[in-house]
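Next comes just one chain, in structure tokens: the form predicted on its own.
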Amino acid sequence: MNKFILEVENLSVWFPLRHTISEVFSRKPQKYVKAVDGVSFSVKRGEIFCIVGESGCGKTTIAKSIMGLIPPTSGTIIFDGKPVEKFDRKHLLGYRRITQMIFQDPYASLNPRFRIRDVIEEPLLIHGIGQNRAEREKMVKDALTKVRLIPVADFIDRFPHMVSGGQRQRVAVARTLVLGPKLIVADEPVSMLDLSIRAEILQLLRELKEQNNLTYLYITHDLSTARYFTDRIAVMYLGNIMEIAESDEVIDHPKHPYTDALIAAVPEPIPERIDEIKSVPIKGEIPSAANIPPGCRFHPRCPYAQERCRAEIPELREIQKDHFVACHFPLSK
């Protein structure tokens, strides 16, 4: 059995920009927004792998590309040792069954005209699972029980707007579980929920992982939940991965200046320091993905940038066991 359930090799997702009339007649070359630009990583079976970064860095684009919602411009996605691009119709349908996604917004990801019963039953109908309505009804109720929407009779006939945000996200989780997936892509599944129930939902996801032998690809911008919930973290910036290591290693010993800046930006949970303004060791704004700087794409904001950084693109290299960083001059923390 392959050690990795998912392997992403040199994945790029570029979106063409529209030309103005003057650009059309001047025959200028096509420009692209390079949302994802040469990303590679592997997800081990049974682990929770995290991609973290600022809004706009490309992490959700990677998730949607893995799910087949956005076609990659180049690169390869390998699931269970087989390239997804070579799947025929039958294997692609099977891939879509065992690879499920929890979307960020529980308000938008559920059909408002469907009752909760119909929301969870729909994937079963699409994949032809269950010999009759009674069998599918049992599967729906089992899924709702797993996510602790109990008693089930109180929820199964409600519409999505009739339950709270946290309960709505539980319905979304139940919808993924009903198909018996192997890999779940969770795109910021708790970012729109109240702070008081985020840990509760993450704990539920962890328990479901153990009970159902699941693997998670967890997308977030929140380093605190990443450390609490995940096994390994990949830090992403402007379409590239800057650093990969075990979660505690990334947080306690960051090697890339961007990772260090993300950690410095996390508020201190200390009451007497709540009003202090923290100094974040980077400057400026994230550049446009349509105009990526030469060399290291982080160098315009990096306090440690040197001439080599402006001219040469750093490779993602292993600087110590299982700790990879794309930096010419990694930090010595």
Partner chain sequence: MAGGDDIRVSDIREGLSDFWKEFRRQKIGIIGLILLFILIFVATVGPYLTDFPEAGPRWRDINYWQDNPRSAPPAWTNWLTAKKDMPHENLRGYYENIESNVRTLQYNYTYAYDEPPNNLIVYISTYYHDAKYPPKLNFSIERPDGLRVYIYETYLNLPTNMSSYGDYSRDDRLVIGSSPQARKTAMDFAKKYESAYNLNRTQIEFVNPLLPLFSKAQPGLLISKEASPLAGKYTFIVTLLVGGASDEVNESRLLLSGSVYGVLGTDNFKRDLFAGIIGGTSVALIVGLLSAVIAVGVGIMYGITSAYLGGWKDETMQRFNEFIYSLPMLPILIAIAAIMKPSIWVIIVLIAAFGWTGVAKVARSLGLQIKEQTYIEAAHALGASGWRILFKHMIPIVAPYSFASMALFVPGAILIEAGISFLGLGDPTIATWGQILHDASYAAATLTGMWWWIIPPGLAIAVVSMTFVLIGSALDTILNPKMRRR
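Numbering follows the first chain given and starts at 1. In this text the structure is predicted, and so the values were computed from the model without any measurement.
The form predicted in complex with its partner chain exists for this protein as well; it is not shown, and the discussion that follows is about that form.
For the three marked residues, 40, 73 and 91, no heavy atom of any sits within 4.5 Å of its partner chain in the predicted bound form. Interface residue among 216, 79, 103, 155 relative to its partner chain in the predicted bound form, by the heavy atom within 4.5 Å criterion: 103. Residue heavy atoms within 4.5 Å of its partner chain in the predicted bound form occur in exactly one stretch of 30-38, 287-295, 304-312, 59-67, and that stretch is 59-67.
Its partner chain is not shown here, but in the predicted bound form it comes within 4.5 Å of a heavy atom of residue 110. Looking at residue 126, you'd find a heavy atom of it within 4.5 angstroms of its partner chain in the predicted bound form. The closest non-hydrogen atom of residue 209 lies beyond 4.5 Å of its partner chain in the predicted bound form. Its partner chain is not drawn, but in the predicted bound form it has a heavy atom within 4.5 Å of residue 133. Interface residues of 114-129, taken as those with a heavy atom within 4.5 Å of its partner chain in the predicted bound form (partner not displayed): 114, 115, 117, 118, 122, 123, 125, 126, 127, in sequence order.
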